[in-house]
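Below sits a lone chain in structure tokens, taken as the form predicted alone.
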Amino acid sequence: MEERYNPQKVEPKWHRYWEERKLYKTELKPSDKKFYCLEMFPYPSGKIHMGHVRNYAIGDVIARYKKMRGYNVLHPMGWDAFGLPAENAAIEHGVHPSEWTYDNIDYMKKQLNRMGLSYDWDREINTCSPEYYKWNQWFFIKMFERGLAYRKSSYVNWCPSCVTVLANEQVIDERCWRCDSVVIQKELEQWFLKITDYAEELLQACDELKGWPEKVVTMQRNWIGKSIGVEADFKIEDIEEKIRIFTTRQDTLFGATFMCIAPAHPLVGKLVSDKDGLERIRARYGRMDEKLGLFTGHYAINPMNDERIPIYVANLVLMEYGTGAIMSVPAHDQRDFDFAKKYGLPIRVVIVPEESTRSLTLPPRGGGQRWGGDFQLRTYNSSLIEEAYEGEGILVNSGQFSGLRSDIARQKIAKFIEENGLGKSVVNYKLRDWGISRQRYWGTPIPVV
């Protein structure tokens, strides 16, 4: 026996021996116990790094252990080969993305083999191969046939340097995670998958996630975001149109002092004449760090008290959630409060904490209002209110519903809205349909002409 281990001499011999005898090829043996071991496919960037070594060594240990325990082990490998980095690298080196990708795969496959990993290379797949991605397209076509894949215009995160759409998770502090360019909002025709059809099913399935950390399950529930509320119609003064809003806090309807609609709302074309101002709002669409608004010059009528309230286009209103329009109640929503302070809009308190009503004398039905304690200041002098009160409480300044607890008022106001033809009770979800379009060459072609 040699005194020192020489991997350059010893290992190639055994690699050839394993390969010649196809030791890791998985045969179909229906009677055997089966075990499937799959590690994450590498991206063919050109070189294996130590993260790959760690990950694939662990998977290989598991596969070999199961094989020695008598299992018929399937241990395949493949390449996650589509994506923007390959396209950018190909442009930089003046070659086709396919050539760059396949050259990298050849080199990295040799590296993986040098590690002595027990892969069945007869089952190798490559996601940029038509033989593979035709099945992606098959899935897409099946969803398209069932109305689960569709196209619509939508505002998206756009990186002008990468020239592509970014997912929300790829935008960090308003910059592209890859190149650090400032991300803008751009309206584009996009393909979507209709995952919202499964919102309730997904939510109920959270209860079946046994053994998952409660924090993760809670995040999932919040991402789906089920909410029960009402849709109510606000007539627009001077034109034969209505704006429908969704709210879970119908107990605050009497506190609405203005309305906001999304820049992509279908009524924007009829309501806005200042096109330059509208483009400034659109450029900051969905950015909650700076609340921007544009007065349309039009007013809506609050269906609960017939009050005339101004209509704004605002970057904080998302077309993708609810109806793309909100009633703004600055005394009881912090975003609305900040917006109202910025644009000098009224702030009206319509809910007070229950424990504070000890100093409050509610008005007799049909009589004048009398206030005690500090409520006269908090109710009538909005300049003294420092932040929105978003909690539950007792309704005030709310007509026939004054004096009710918030939870009771929500039920009664929802019933009032339905009985008077002002709207309806609805269930809504925060979950949005999945935008899958990416404006790149090197990816699975969407199979629609």
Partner chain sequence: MPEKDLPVILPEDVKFTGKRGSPLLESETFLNAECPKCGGRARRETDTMDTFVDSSWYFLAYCFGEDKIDFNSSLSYWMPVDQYIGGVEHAVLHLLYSRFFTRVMRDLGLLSVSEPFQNLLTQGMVIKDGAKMSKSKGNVVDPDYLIEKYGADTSRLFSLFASPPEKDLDWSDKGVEGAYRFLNRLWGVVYKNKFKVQNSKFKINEASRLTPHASRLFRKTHQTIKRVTNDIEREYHFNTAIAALMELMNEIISFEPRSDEDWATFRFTIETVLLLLSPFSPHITEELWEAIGNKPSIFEQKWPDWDEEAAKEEQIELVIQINGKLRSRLMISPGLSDDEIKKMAIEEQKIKEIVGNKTIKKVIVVKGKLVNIVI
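Positions refer to the first chain, counted from 1. Because the structure is predicted, anything quoted here is derived from the model rather than measured.
Keep in mind that the form predicted in complex with the partner chain is missing from the display, and what follows is about it.
Think of it this way: in the predicted bound form, the partner chain has a heavy atom of just one of D173, E354, D80, D180 within 4.5 Å, and the residue is D80. Exactly one listed residue, out of N55, N420, Q411, Q400, brings a non-hydrogen atom to within 4.5 Å of the partner chain in the predicted bound form: N55. Partner proximity in the predicted bound form, defined as non-hydrogen atoms within 4.5 angstroms of the partner chain, places exactly one of 322-330, 232-240, 278-286, 200-208 at the interface: 200-208. Remark: R244 does not count among the residues lining the partner chain in the predicted bound form, judged by a heavy atom distance of 4.5 Å or less. The partner chain is not shown here, but in the predicted bound form it comes within 4.5 Å of a heavy atom of R114. In the predicted bound form, the partner chain lies within 4.5 Å of some heavy atom of V10. Mapping the unseen interface onto this chain, I228 falls outside it, with no heavy atom inside 4.5 Å of the partner chain in the predicted bound form. In the predicted bound form, N72, V73, L74, P76, M77, G78, D80, F82, G83, E87, A90, I91 are the residues of 72-95 with at least one heavy atom within 4.5 Å of the partner chain, listed from first to last.
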